[in-house]
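One chain comes next, on its own, written as structure tokens: the form predicted alone.
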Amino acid sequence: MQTFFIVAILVLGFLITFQIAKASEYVAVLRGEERSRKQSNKINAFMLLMFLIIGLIGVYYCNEKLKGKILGAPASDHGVLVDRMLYITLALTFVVFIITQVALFWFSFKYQESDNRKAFYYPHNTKLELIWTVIPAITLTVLVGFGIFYWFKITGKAPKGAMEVEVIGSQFKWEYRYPGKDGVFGKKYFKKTDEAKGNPLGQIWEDPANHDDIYIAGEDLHLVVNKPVKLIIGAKDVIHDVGLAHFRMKMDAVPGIPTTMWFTPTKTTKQMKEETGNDKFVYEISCDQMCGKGHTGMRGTIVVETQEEFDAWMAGKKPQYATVMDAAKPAVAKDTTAVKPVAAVLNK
């Protein structure tokens, strides 16, 4: 029944629109086609001018209302540079936007059809074409240059002493791995992956470097404030994307092709709660690549804390290797040798 009503409403709307169009044609015939066209031009020109004015007011209002309130200030060193590049791009494009849109709508109003003016045929101007080609080309080249510079900075070699964290995406969750005290990740092989046997990342247990690696799933990702961190990113199934909006960072997670990026968190979670006035604030890691039906729910949280707090949190974690080995040990049989038969005791 609901489908029937929807179809009926659509059909009715079409019929009404069709009848209005036909009525407009009859009115134009009765009043004179030329006179009707000129009147329509005047109305359209005025409406275009109003659209320009109201639209610019709307742009200004939205900017003032939402400026800095969606994500807040960047919370990483690279984030400051990314925001700076964004503001420069917005400033340049805003100037172009104002000039072109004001000219477009003002010309539509000022030069509407008139019996007192004839259209001027202006087919070609080499100087004008050079100006609107060369200037945008130079501007875009500079902006692209900044983008490439920042990109290589983000994906380049991390500073010495940076902590490393492996981030693995799969439908529809994030998993993490920290190197142990040796600071080295153990080797992996995708054919070793077996969640039922406690090896969700395919670690090779014969590699000693794996024996102290910490595996984290279903928990927060912990990072240290003012300490560079290199993320080694991968995926198990389809392409995902590590989105760190508060740090202004993102990177694709591709099966079989590890990608990397590094940054330095500059504000703890506690500091951001104070700055935003939101006690429930959390840093979020989201999937920024459509990866299936559960894509929108593929979220995690990040805790940025001091080195002391991070060390205390890490001290409570057990290496995945130890967890697997403990689970593989057979149950210890009860020792009955110390219990002597009652008859033996009585015979003494």
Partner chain sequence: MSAAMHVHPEVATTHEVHHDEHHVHHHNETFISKYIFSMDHKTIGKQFLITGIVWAIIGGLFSVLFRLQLGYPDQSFPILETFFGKWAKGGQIQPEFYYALVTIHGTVLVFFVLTAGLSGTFANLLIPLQIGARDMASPFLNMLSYWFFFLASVIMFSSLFITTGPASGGWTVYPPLSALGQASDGSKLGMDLWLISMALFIVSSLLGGLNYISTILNMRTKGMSMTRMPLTMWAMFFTAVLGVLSFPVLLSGAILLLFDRNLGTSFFLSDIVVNGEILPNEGGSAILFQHLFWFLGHPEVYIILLPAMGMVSEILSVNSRKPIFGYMAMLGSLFAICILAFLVWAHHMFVTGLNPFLGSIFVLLTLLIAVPSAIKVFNWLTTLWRGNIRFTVGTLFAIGFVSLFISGGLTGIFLGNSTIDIHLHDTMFVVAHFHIVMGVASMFGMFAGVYHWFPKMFGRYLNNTLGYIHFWVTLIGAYLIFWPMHYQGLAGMPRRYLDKSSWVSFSQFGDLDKMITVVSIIVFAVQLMFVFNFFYSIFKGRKVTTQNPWGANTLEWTTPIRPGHGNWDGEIPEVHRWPYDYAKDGRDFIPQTEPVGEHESKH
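Numbering follows the first chain given and starts at 1. Note that the structure is predicted; figures quoted are calculated from it, not measured. Heads up, when I say rigid core I mean the largest set of C-alphas that superpose within 1.5 Å between the two forms.
Omitted from view is the form predicted in complex with the partner chain, to which the following refers.
- Contact annotation: the partner chain lies within 4.5 Å of heavy atoms from the stretch 133-141 in the predicted complex, the single such stretch among 133-141, 214-222, 264-272, 160-168.
- The closest heavy atom approach of residue 277 to the partner chain in the predicted complex falls outside 4.5 Å.
- Contact check for residue 250: a heavy atom falls within 4.5 Å of the partner chain in the predicted complex.
- Remark: residue 287 counts among the residues lining the partner chain in the predicted complex, judged by a heavy atom distance of 4.5 Å or less.
- Interface residue remark: residue 113 is counted as part of the site for the partner chain in the predicted complex, having a heavy atom within 4.5 Å.
- For the options 232, 204, 238, 73, the one in contact with the partner chain in the predicted complex, meaning a heavy atom within 4.5 Å, is 238.
- For the stretch 246-264, the set of residues having any non-hydrogen atom within 4.5 angstroms of the partner chain in the predicted complex comprises 246, 248, 249, 250, 251, 252, 254, 255, 256, 257, 259, in sequence order.
- Comparing the forms between the shown form and the other one on their rigid core, the Cα displacement of residue 205 stays under 2 Å.
- With a cut-off of 2 Å and the rigid core superposed, residue 152 has a Cα displacement that reaches or exceeds the cut-off between the shown form and the other one.
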